[in-house]
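There is one chain below, alone, in structure tokens, taken in the form predicted on its own.
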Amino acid sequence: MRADLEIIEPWIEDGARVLDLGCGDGTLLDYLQRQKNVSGYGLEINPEHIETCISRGVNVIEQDLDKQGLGNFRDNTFDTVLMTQALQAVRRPDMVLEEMLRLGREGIVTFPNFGYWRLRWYLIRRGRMPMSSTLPHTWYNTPNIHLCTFKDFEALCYQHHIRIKSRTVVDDEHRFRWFNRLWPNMLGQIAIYRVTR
């Protein structure tokens, strides 16, 4: 399992109802079903990932968040709604965050920190949009359309009256480093947030 998913796993209660937005190949839901007896669904648009989810026994719905939204789910249907490494790829991250907390008691969100010092240095030194292990695409073919920093995300939460329960700052290999916590907006590469109302 991906290292960021290992960080998220303790935040999810045994037997919880979970919705995973942009679930990919279903790795996290598959693990949570087997290890924590969770129930729920994954939403995904990639047909190959959907096939893999089905072969793993993960309930998956083919759905494009940008086109269809989340109106097909009732309020408070889930305990936890997840969105790992996908918030920056939707057209309206603010609306998706609102919808996550309409559907579930908690939301868990991860995203690359565009304020990371190496990305800033890359932009200053080369005058071009940065590329890195967490942002491996060029500006014209990237799925990431709304890049943000820790401060941007926290400001969004403040504006929408969303409470941050936990924040974890890691490097590109999802390891904790003492210096990441000192100045997360400058030194953290990946943000992992647990939010609620």
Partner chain sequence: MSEPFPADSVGLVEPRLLHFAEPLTLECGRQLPHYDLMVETYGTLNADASNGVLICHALSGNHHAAGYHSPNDRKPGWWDSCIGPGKPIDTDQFYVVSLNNLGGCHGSTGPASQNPETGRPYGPDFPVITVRDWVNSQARLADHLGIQQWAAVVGGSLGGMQALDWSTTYPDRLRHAVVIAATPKLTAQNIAFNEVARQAITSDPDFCAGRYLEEKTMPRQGLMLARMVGHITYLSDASMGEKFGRELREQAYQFGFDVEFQVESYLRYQGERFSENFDANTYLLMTRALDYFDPARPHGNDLSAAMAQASCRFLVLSFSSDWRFAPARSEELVNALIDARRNVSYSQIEAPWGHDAFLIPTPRYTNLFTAYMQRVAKEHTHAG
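Positions refer to the first chain, counted from 1. These numbers come from a predicted model, not from an experiment.
Another form exists, predicted in complex with its partner chain; not displayed. Remarks below refer to it.
From the candidate stretches 164-172, 150-158, 61-69, 135-143, select the single one in contact with its partner chain in the predicted complex, where contact means a heavy atom within 4.5 Å. Comparing against its partner chain in the predicted complex, the contact stretch is 61-69.
Please tell me whether any heavy atom belonging to I54 falls inside 4.5 Å of a heavy atom of its partner chain, as the geometry stands in the predicted complex. Yes, contact at 4.5 Å.
Do Y31 and its partner chain come within 4.5 Å of each other in the predicted complex, heavy atoms counted? Outside the cut-off, so no.
Contact with its partner chain in the predicted complex for R74, defined as at least one heavy atom pair within 4.5 Å: yes or no? Yes, contact at 4.5 Å.
Is it the case in the predicted complex that Y116, L123 and G127 each bring at least one heavy atom within 4.5 Å of its partner chain? No: no residue has a heavy atom within 4.5 Å of the partner.
For a quick check, can you give me the residues of 11-47 that have a heavy atom within 4.5 Å of its partner chain in the predicted complex? Contacts from 11-47: R17, Y41, P47.
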